[in-house]
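Coming up is one lone chain in structure tokens, specifically the form predicted on its own.
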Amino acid sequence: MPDRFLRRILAFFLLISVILIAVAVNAVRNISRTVATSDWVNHTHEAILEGQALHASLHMGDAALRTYLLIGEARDQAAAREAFAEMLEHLEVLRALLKDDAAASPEIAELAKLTTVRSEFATSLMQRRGAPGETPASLVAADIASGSTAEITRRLDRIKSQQMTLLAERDTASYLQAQTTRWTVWAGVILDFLLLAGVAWLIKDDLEARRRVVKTLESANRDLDAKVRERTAELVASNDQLSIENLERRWANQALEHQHRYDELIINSINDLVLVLTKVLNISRLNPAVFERTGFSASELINKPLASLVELAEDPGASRVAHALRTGHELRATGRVQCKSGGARPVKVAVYPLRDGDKVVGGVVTLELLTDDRNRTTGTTAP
């Protein structure tokens, strides 16, 4: 009977563990998808901004060109050439951003032709100014009659409309992913509570069965020899139970030690800089990557405030980090990490609240160094 009882208990706990693992795996996958969605949204916004910049350069070039055709100032000619050159640069950036977008590729190809034609036509108009038989009014009229600016504007509007549609679709997908994660977690929690209730019922039923057995034995064995034998059996059972508990406790301690060692190995093997914070934003632990990348040793940073090493963009006092830990929300930002040799390096900062039950007892900060190549790709400038 005890063996069957233990098998049932172990089966219940095994099922609970399987459900927890499934919920955790699903949550991690959805979080990864959410991060990928965020990166895609940022990429789409960059494409929209480049299209707007191209449009602005086009209008600036048109204005400078027509002013030059009417007045003939050299600075207007230089401004027109510079604006059209910037327009072509924005086009190249936009083409690079949308190179993997099959829907936008035809529009980009047509836009490249139109901008090239527009730039060459503007150059020809500037060369024709002052030629015999050409008047400023006729050149301006010829420029207006070309209609290339309106066609470029229409192409840019189509590209922007496509990107806005994609943003809406990805926003819907992100919402559905969040809903799936939420319902998965809640379903797992409810199932685990039901299974724990089943375990409690089994324990209660087993205890009641044991009580009935004890009462039967007490009523059936009144004499001294029976009591001695019963006491001896109870002592043996108690000793066995104590031995099992001591063995389980020793195994549990070994498992905790192994888990702590594995956690430390995992943190130390991460290439990104990892910092563990207290509730007052002091550094309590760091991985070797911090010393390798900044030159600061653990003794120089332990119990020092986070702001002495990391400065978030537009947040020198780390108030956003404090707010994230106080509210229990994750924080992602950019900033700079100080180096012992002097200067600072740009990093992507991620702050994760560290919980003990329902309380936030600190936080974990990861710092991802940004390279110059990556800065140029995303259109940012390293400090």
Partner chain sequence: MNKHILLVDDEVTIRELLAQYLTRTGYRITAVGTAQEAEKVFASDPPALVITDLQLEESDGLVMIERMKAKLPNTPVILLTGVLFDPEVIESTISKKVSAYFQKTTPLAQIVKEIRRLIG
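Rigid core: the largest C-alpha set superposing within 1.5 Å between the two forms. Quantities reported herein were computed from a predicted structural model and do not represent experimental measurements. Residue numbers count along the first chain shown, from 1.
We do not show the form predicted in complex with its partner chain, though everything after this point is about it.
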Worksheet item: Here the chain is shown alone; which of 209, 164, 270, 244 has a heavy atom within 4.5 Å of its partner chain in the model of the complex?
Response: 244
Worksheet item: Which pick from 259, 216, 135, 303 sits with a heavy atom within 4.5 Å of its partner chain in the model of the complex?
Response: 259
Item to complete: With heavy atoms only and a cut-off of 4.5 Å, decide whether residue 169 touches its partner chain in the model of the complex.
Response: no
Discussion item. Considering non-hydrogen atoms and a 4.5 Å limit, does its partner chain approach residue 255 in the model of the complex?
Written reply: yes
Worksheet item: Does residue 73 make contact with its partner chain in the model of the complex, using a 4.5 Å heavy atom cut-off?
Response: no
Discussion item. Given that its partner chain is not shown alongside this chain, does residue 251 nevertheless sit within 4.5 Å of it in the model of the complex, heavy atom to heavy atom?
Written reply: yes
Fill in: Proximity to its partner chain in the model of the complex (heavy atom, within 4.5 Å), stretch among 188-196, 235-243, 89-97, 118-126
235-243
Practice prompt. Could you check whether the CA atom of residue 141 moves 2 Å or more between the shown form and the other one, using the rigid core for the fit?
Written response: no
Discussion item. Relative to the superposed rigid core, does residue 252 relocate between the shown form and the other one - that is, does its Cα move 2 Å or more?
Written reply: yes
